[in-house]
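Take a look at this single chain in structure tokens; it is the form predicted alone.
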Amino acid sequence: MNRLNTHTLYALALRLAPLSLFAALFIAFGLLSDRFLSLANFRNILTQSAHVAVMAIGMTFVLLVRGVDLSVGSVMYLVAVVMGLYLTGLPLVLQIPIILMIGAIFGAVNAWFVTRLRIAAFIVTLATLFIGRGLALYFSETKMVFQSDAVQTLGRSSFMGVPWAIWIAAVVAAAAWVTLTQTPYGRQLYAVGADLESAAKAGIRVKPIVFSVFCICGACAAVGALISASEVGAAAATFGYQMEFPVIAAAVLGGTSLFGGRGGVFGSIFGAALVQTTENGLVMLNANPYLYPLVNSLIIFVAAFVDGRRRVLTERLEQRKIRTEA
């Protein structure tokens, strides 16, 4: 009984680890900087984390089926370059479906290699990471690409006092939540991630499910590009560079497992807020910019460690339950 209580407490500690980290960072930054606790700064954190949250939601779909997409940062850059070079004459309402299509097509390319040629998602998306950024550099000739007035206006304007970036993230989150929790597709997606072979035996079409999640992730990366480009007004060669790491970290910190079958939308949003809070706090403290990668690496390590220990503990508890029943 004591051992069972110990495991239960340990599981609770692992579940609350991201929230504890967030609280510790919040308190530390609040004590070290008076500006950090201002309402204006909270609004900045939410606005600046919107594109990470949207991309983390897309990554959640992929992680749920035990996949990964390392090309999301390159999709961001490619979409921003296409918007700035070729879509400036179109109204925003027409630009949005085009960039969604670009992101979804890029995701479909990843999905084709993963589902048809059975190449590991890590290898495929690592290759398309370089391909996507290479295409964007070729189109832009490595020059800074400025966005249209319509896109920049989106980044500066708000609705009911709330920036459009937050509204867009909220719409994406609501659509993703409904899809995952209220539709047969969402239930099938979790089933595939939990046990692919059992899902296939149950009649679930596994390949279309896996194919679709990469398309969703690509489309979310395109939306993230729109939000980020509207805020900065331009896309340099470093736009979206290494964006895949904070996006994956945000999803995993929010409870999405790297081993599939577990995770949700609102957890990924929380993870994105945690990642952005850390960066915002470092800026408020005028910390050495060279510390940023170290801090981000620490966050990624914590996310991977918590997920790994949580998986091991879950397997142990399940084995103990089976033995007890037997």
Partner chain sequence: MTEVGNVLTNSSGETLSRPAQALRWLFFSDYLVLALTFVYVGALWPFVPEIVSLSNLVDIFLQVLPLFIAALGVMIVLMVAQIDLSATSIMAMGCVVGASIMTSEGGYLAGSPIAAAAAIGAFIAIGLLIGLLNGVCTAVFEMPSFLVTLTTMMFFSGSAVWYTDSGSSIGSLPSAFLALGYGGIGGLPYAAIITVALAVAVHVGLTRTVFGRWLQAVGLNPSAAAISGVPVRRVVIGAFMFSGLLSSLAAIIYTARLEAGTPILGQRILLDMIGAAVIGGVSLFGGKGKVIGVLFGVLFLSVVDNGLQLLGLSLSSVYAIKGGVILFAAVTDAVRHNLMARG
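Keep in mind that this is a model prediction, so the values were computed, not measured. Positions refer to the first chain, counted from 1.
Keep in mind the form predicted in complex with the partner chain is missing from the figure; the text below concerns it.
Asks: Among 268-276, 23-31, 293-301, 50-58, which stretch sits within 4.5 Å of the partner chain in the model of the complex, heavy atoms only?
Replies: Selected stretch: 293-301.
Asks: Has each of 42, 45 and 146 got a heavy atom lying within 4.5 angstroms of the partner chain in the model of the complex?
Replies: No residue of the spot touches the partner chain in the model of the complex.
Asks: Pick from 87, 209, 168, 135: which residue has any heavy atom within 4.5 angstroms of the partner chain in the model of the complex?
Replies: Contact with the partner chain in the model of the complex is made by 135 alone.
Asks: Please tell me which of 162, 123, 105, 236 lies within 4.5 Å of the partner chain in the model of the complex, judged by heavy atoms.
Replies: Spelling it out, the residue with a heavy atom inside the cut-off is 123.
Asks: Does the 4.5 Å heavy atom contact test between residue 286 and the partner chain in the model of the complex come out positive?
Replies: Because no heavy atom of residue 286 falls inside 4.5 Å of the partner chain in the model of the complex, the answer is no.
Asks: Can you work out whether residue 93 and the partner chain are in contact in the model of the complex, taking contact to mean some heavy atom pair no more than 4.5 Å apart?
Replies: Because no heavy atom of residue 93 falls inside 4.5 Å of the partner chain in the model of the complex, the answer is no.
Asks: Considering only heavy atoms, tell me if residue 36 and the partner chain come within 4.5 Å of each other in the model of the complex.
Replies: Although the partner chain is absent here, residue 36 would stay clear of it in the model of the complex, with no heavy atoms inside 4.5 Å.
Asks: Even though the partner chain is not shown here, does residue 70 get within 4.5 Å of it in the model of the complex, heavy atoms only?
Replies: Yes.
Asks: So which residues in 155-187, when you check the partner chain in the model of the complex, have a heavy atom no farther than 4.5 Å from it?
Replies: If the 4.5 Å heavy-atom criterion is applied to the partner chain in the model of the complex, 155-187 yields nothing.
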